[in-house]
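The chain below stands alone, shown as structure tokens; this is the form predicted on its own.
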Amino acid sequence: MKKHNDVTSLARDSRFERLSLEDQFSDPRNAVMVGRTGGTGMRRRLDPARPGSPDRARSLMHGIFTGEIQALEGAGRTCFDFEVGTGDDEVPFELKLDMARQCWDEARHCEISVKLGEWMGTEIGEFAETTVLFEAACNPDPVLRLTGVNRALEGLAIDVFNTMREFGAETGDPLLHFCEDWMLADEVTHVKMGSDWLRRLTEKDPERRSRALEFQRVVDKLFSGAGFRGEEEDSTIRLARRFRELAGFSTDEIDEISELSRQSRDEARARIAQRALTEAS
């Protein structure tokens, strides 16, 4: 088998439709729901009382499903791509064991997410798949993989699962609430593994740690786009502070993610205002 595959090697069957990152994030008006027909509108809280919430929840559930597939593939690649050792392109055997355990979790999450999607009235391929998680999992530095995937994107999964868990409670859907609560516990473990291994692998290399944390900031800002994830009342995904603390995030780190979201929202509003002025003139 080939080691260190790139994102173009990600295989899917004909049910899936892929959306480029440029298409997803270049237009700040893009809604959370991105299906075959697209959609526009500023991001807003997932509120059962608002029209369109069921479709938005189904879109988010489909996004969870495709994310779980890529998380499974990414953890599996980390098990396979690196030799056992202590160099920059090697990993401890215990890290491989943690990634193998994560593969087992992610495979279970895929099955749960497919069934939840069916329960919510959607099917595989109804909404587009983006590949940012697998792209982060293709990084040649295992430490950057850990920060990009286990801390940034699995950290986002903590926020997403907590939001969907609360949505299940608000809509009186015990199945959705229970399944999201179950998977949320796993995600806390995955993020904690990333936090612990980041500190262990860079204990004597502060420069490498700094590079890894900067890569994490880039990924975190990308997924805070236009207030998609933050602490504002109308953020689609609310930052789950308590669960992030359990996963090894410091208060300063969580504050930084919240600030990245605020900055991203302000930048998106400025771009929309500028676009409106340009069109008016």
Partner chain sequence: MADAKKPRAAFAPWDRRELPGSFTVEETAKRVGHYKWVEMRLFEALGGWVPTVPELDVKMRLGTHTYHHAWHADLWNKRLPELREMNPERLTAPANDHIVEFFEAMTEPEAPEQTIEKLVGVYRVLIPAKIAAYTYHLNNTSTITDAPTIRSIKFILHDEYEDWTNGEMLLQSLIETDDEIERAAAQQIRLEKILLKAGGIVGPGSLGGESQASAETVGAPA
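These figures come from a predicted structure and were not determined experimentally. Numbering follows the first chain given and starts at 1.
This protein has a second form, the form predicted together with the partner chain, left out of what is shown; the following refers to that one.
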Inset, instruction - Would you mind picking the one in D205, D196, E90, E111 that has a heavy atom within 4.5 Å of the partner chain in the model of the complex? - result: E111
Inset, instruction - Using heavy atoms only and a 4.5 Å cut-off, determine which of I124, V132, C179, L201 is in contact with the partner chain in the model of the complex. - result: I124
Legend entry - C79 within 4.5 Å of the partner chain in the model of the complex, heavy atoms: yes
Inset, instruction - Using a 4.5 Å heavy atom cut-off, state whether Q263 contacts the partner chain in the model of the complex. - result: no
Inset, instruction - Examine R269 and determine whether its closest non-hydrogen atom to the partner chain in the model of the complex is within 4.5 angstroms. - result: no
Inset, instruction - Please run the contact check for L72 against the partner chain in the model of the complex: heavy atoms, 4.5 angstroms, yes or no? - result: yes
Inset, instruction - Using a 4.5 Å heavy atom cut-off, indicate which stretch of 148-156, 184-192, 206-214, 102-110 touches the partner chain in the model of the complex. - result: 102-110
Inset, instruction - Decide yes or no: are T236, D255 and S258 jointly within 4.5 Å of the partner chain in the model of the complex, with each residue judged by its heavy atoms? - result: no
